[in-house]
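Only one chain comes next, encoded as structure tokens, the form predicted on its own.
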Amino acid sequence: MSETLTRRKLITTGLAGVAGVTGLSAAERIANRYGLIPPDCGGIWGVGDTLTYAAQRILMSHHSMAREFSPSEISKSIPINSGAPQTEDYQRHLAGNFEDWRLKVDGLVARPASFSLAEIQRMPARTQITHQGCEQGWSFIAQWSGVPLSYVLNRVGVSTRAKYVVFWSFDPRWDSLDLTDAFHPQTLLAYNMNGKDLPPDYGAPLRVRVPRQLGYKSVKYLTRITVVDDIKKVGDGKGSALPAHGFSWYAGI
């Protein structure tokens, strides 16, 4: 039996059975053996997050695709949960149409790089019409265009030791993805929304789009991407700024 099938059996039978008999803490120990523990496993949702992450990673992995919609289904109204950053640095770049802005890509990569917005826009692009669900209860459907994150990661040469991709922003929020979502074909670095340049309130000049997770994982106002092997060394070690406020690091839908 292949390792993939063994892991699938572990999740569908072993973890379920253990959780039913001895509780979720035992299931967490089994998941740890297979490297399926999310960075915030000690958060307020505890081992429940671990079981969710482990199950989704094994059962769906790279093969699961978020639904894509037709142009007629694009939402007429698109809400936002906060406006563009008012910091001096962001406003200066905004006033200059982001001509001096650069996206730095560093960490465990063979060729650290710094890309202008024009350079990113010349990279192979993908357009998708996908749903963005918000943890606050609202949602919308929009068309997004950008470069697949996988293209950028392949261009800089990600180390075999890498496990996470960390996103830094003009906004105080930061977040990360594991390599499964980072290399997923629907994960974009988006610079265009509904056929127009990404508006400031929606993340200009560049944002992550992760259709397979809730909206807060799609970090806006990007400045830097760092590839790491151990997320425990970043910030408070929980993979994101948001677990400290009660949100799960993994927000798969």
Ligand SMILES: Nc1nc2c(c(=O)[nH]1)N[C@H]1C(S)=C(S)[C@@H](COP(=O)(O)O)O[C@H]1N2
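From a predicted model like this one, the values you see are computed outputs, not experimental measurements. Note that residue numbering begins at 1 and tracks the sequence as displayed.
The next section is about a form of this same protein that is not shown, the form predicted in complex with the ligand.
Residue 211 versus the ligand, in the predicted complex: is there a non-hydrogen atom within 4.5 Å?
Although the ligand is absent here, residue 211 would stay clear of it in the predicted complex, with no heavy atoms inside 4.5 Å.
My question is simply whether residue 131 lines the interface with the ligand in the predicted complex - judged by any non-hydrogen atom within 4.5 Å.
Taking the distances in the predicted complex, the answer for residue 131 is no, it never comes within 4.5 Å of the ligand.
Using a 4.5 angstroms cut-off on non-hydrogen atoms, would residue 218 count as touching the ligand in the predicted complex?
Heavy-atom contact with the ligand at 4.5 Å: present for residue 218.
Using the partner position in the predicted complex, report whether residue 114 sits within 4.5 Å of the ligand, counting heavy atoms only.
No.
Heavy atom within 4.5 Å of the ligand in the predicted complex: which of 97, 86, 154, 82?
Spelling it out, the residue with a heavy atom inside the cut-off is 82.
Specify the contacting stretch among 196-204, 183-191, 64-72, 224-232, defined as having any heavy atom within 4.5 Å of the ligand in the predicted complex.
After filtering at 4.5 Å, what remains is 196-204.
Which residues within 157-175 place at least one heavy atom within 4.5 Å of the ligand in the predicted complex?
Sequence-ordered list: 169, 171, 173.
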